[in-house]
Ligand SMILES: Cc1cc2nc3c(=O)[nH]c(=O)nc-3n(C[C@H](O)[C@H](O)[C@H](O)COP(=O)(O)OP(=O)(O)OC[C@H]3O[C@@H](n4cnc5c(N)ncnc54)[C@H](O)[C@@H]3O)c2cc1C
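Shown here is one chain on its own, the form predicted alone, set out as structure tokens.
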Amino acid sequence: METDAGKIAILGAGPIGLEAALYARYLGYQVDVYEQGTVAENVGDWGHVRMFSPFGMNRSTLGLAALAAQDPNWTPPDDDALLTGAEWADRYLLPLAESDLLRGHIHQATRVVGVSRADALKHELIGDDERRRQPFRLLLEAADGQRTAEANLVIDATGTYGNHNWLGRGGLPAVGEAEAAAKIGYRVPDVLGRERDDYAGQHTVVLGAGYSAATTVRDLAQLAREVPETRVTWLVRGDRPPGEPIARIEDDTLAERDALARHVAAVVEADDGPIDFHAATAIERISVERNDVTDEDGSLVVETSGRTETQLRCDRIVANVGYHGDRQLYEQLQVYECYATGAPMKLAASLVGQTSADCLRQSFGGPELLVTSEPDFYILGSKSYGRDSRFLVAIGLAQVRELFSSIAGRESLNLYQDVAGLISK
């Protein structure tokens, strides 16, 4: 549907937010990007982790063209290079944010408190064209206080990272989880680098059944080889077949992803290995012991349920249990969401029909899947997938392309293809 986008507000200056802003600026739209932290801050947080997908899947021809125009001597990473998060940010995302088209359009340290229509409440003007004619009103918060801004079109690209799920049964917090928060991490820690001293010689309980948990376990196993006093207990809430602590993807085309799955399986199966693995086991309760001498927080006592019912005394917990998007941002808008995943309904319904666990074997169905029940409000990036973990940056780039072809009312509009043609000449 062709839209008079006019002024576009983009929430989040991560990879997809930057890409959407770049595409919009190429087309001449007025763009403001609001980022509560710094550009690509979340990518930097997992900067020590090496990506499974090659650089060629995590950049666009627009981005390459913008950076080459900025600095003729700039050399991109090889398309088949497997970069760490830090390398991706330093060599591509951060320079992109400083390119001519984006400089001055990104407002860092500016949190979007919420988005609404200027003069229409959530329950008003349902299905009425007058709602579209109401500009969006954004409440913003920065160091100098709060202010408002307006936009004709809003793209939520805030992602999911940082909004962790809870580690207890059924997705609720375990009893005592909040009180033990200082000793629980919900991301992949840098146990072989800057956080080594926090884990060396300690007992860590890892909870999770995906590749983040596998990465944490792999690194902790390496640390245990270097510091033998290091102990690791790995809990997986679901059942797993023998010799397969995480699910492997048949004929996986991402070699490093498959190598990780095979590696942690071998570590778990090793008779003298450092990993104590328990499937079909959940954390029921967490208690914090007090140090009698210093009166500071000491060890954690973890009570488990399921196949293994026991008490574990550990020093910290790593809960790689996934993330979800902040839906409060648009609670005053009419956004119809999937009751299971929290993703916009049209896209969620499409994803349900794609049953492969391999994120590379999914298809993007077109711009109509991006349309929400709130006119001119779009959710792109990992947040658009809700609790579905199969999102790829390459999918996000396709979303950006399809969205702007729809906004412009030009099905054939594809700046990625147009710029690629110019670069090749």
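Keep in mind it's a predicted model, so treat the numbers as computed, not measured. Each residue number is its position in the shown sequence, starting from 1.
A second form of this protein, the form predicted together with the ligand, is not displayed here; the remarks below concern that form.
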From 66, 43, 397, 31: within 4.5 Å of the ligand in the predicted complex by heavy atoms is 43
So which of 154, 282, 329, 214 gets a non-hydrogen atom within 4.5 Å of the ligand in the predicted complex? 329
In the predicted complex, do 165, 209 and 322 all reach within 4.5 Å of the ligand through at least one heavy atom apiece? no
So, in the predicted complex, is residue 55 in contact with the ligand at a 4.5 angstroms heavy atom limit? no
I'd like to know whether residue 111 contacts the ligand in the predicted complex, with contact meaning heavy atoms within 4.5 angstroms. yes
Applying a 4.5 Å heavy atom distance criterion, does residue 60 contact the ligand in the predicted complex? no
Taking the ligand as it sits in the predicted complex, is residue 338 in contact with it (heavy atom to heavy atom, 4.5 Å or less)? no
Go through 193 to 201, 157 to 165, 309 to 317, 121 to 129 and give me the stretch that gets within 4.5 Å of the ligand in the predicted complex, heavy atoms only. 157 to 165
Taking only heavy atoms into account, state which residues of 14 to 30 are within 4.5 Å of the ligand in the predicted complex, ordered by sequence. 14, 15, 16, 17
